[in-house]
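One chain is shown next in structure tokens, namely the form predicted alone.
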């Protein structure tokens, strides 16, 4: 048997949470090895909508989200590459009375954290964003929000990590891990062995199994949003557009194609291999889109897809140290909002791994908030099945 590969930190998972954590650790001079069972950035980090929105975040998440936006705005300096970041702004609109009430609350929360967000209604809304249906009475615009190409976002982070001295191993699925006198020993399904004093669990929708082995089960389930893209159309949709109720999330890329995402999510297969999008959900999304943005009623859909992402009952990720195993750290459960916060998750977790203070307080994201599977998680399951 070949000797174990020795590192200072082992990172399990090659999505944005894992690669950004690895990048910040490698830049701090630590020997980091990242293991990815498939290809870097091939799961939720690549198949999401690509929204870098500052609207609609919980008050608890805003400090992390704002820090992340600063890092996205410096993505080129961090990675030396580009992922088609476009500061389009984010148009957040309400589909009905309940949405209007929520939108006013969301704008108030955003403003409290220093996020510019302008409420628009009546003639001003029609003048600035006349593509919205006349039935839409209230919206808000956040100019700092942006979008990025999710398929291009993760590999540059991994390459930057390697240039900083880290190691990335693709096609390396973890079979299990053991606690040793020196920390942790991870064994791959093909028999390779990796050892390090610190272990980071950033395996996305598959992180729950590792957490459970550590004695920290979480009520996480795998799902993905139904998404589709249309034929290229004349460019008339400049901001990223998002319905408060979640039924419509849409943007137009520079080539003219319209990208759509929306609720309700679709559960992944029990194996976790992929998320099937039932045709009925695509048709529902097309109807909702046409009702909100009538000019897209005749747009032709050319492709449909989804991803596999981990969701937690409170729709917030787990970030921080294990409460049962010293040296183990968790970063998973993006719950539909992980893409935007990923750089800050990596920066904060890397600080904790190094034994330093996190630049943003992430104590409320600890895994200990899930002591047992709750009725709340079952409620979330039912809502996402509808």
Partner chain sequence: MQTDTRIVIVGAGPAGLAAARTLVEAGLRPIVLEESPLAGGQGTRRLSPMTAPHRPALFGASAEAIARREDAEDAVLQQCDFRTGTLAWACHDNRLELLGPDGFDSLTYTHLVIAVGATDRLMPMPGWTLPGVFTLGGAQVALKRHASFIGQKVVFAGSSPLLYLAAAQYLRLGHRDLTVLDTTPASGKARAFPAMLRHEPRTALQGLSLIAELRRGGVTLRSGVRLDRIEGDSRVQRLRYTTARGRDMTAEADAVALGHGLRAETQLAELAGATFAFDPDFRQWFPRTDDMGRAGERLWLAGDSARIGGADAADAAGRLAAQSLLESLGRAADARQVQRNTRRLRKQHGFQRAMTDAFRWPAKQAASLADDVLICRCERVTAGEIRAALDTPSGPIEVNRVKSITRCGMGRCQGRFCGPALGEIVASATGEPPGRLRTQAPIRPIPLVFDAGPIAAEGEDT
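Please read these numbers as outputs of a predicted model, since none were measured by experiment. Numbering follows the first chain given and starts at 1.
Another form exists, predicted in complex with its partner chain; not displayed. Remarks below refer to it.
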query	finding
Listed range touching its partner chain, judged in the predicted complex by heavy atoms within 4.5 Å, from 216-224, 135-143, 294-302, 111-119	294-302
Residue contact check: residue 274 to its partner chain in the predicted complex, 4.5 Å heavy atom	yes
Distance check, residue 236 to its partner chain in the predicted complex, heavy atom within 4.5 Å	yes
Heavy atom of residue 176 within 4.5 Å of its partner chain in the predicted complex	no
Any non-hydrogen atom of residue 41 within 4.5 angstroms of its partner chain in the predicted complex	yes
Heavy atom within 4.5 Å of its partner chain in the predicted complex - the one residue of 164, 85, 185, 290 that qualifies	290
Residue (of 262, 208, 155, 313) lying close to its partner chain in the predicted complex, criterion heavy atoms within 4.5 Å	155
71, 105 and 242 each touching its partner chain in the predicted complex (heavy atom, 4.5 Å)	no
Contacts with its partner chain in the predicted complex - residues in 238-257 whose heavy atoms fall within 4.5 Å	253, 255, 257
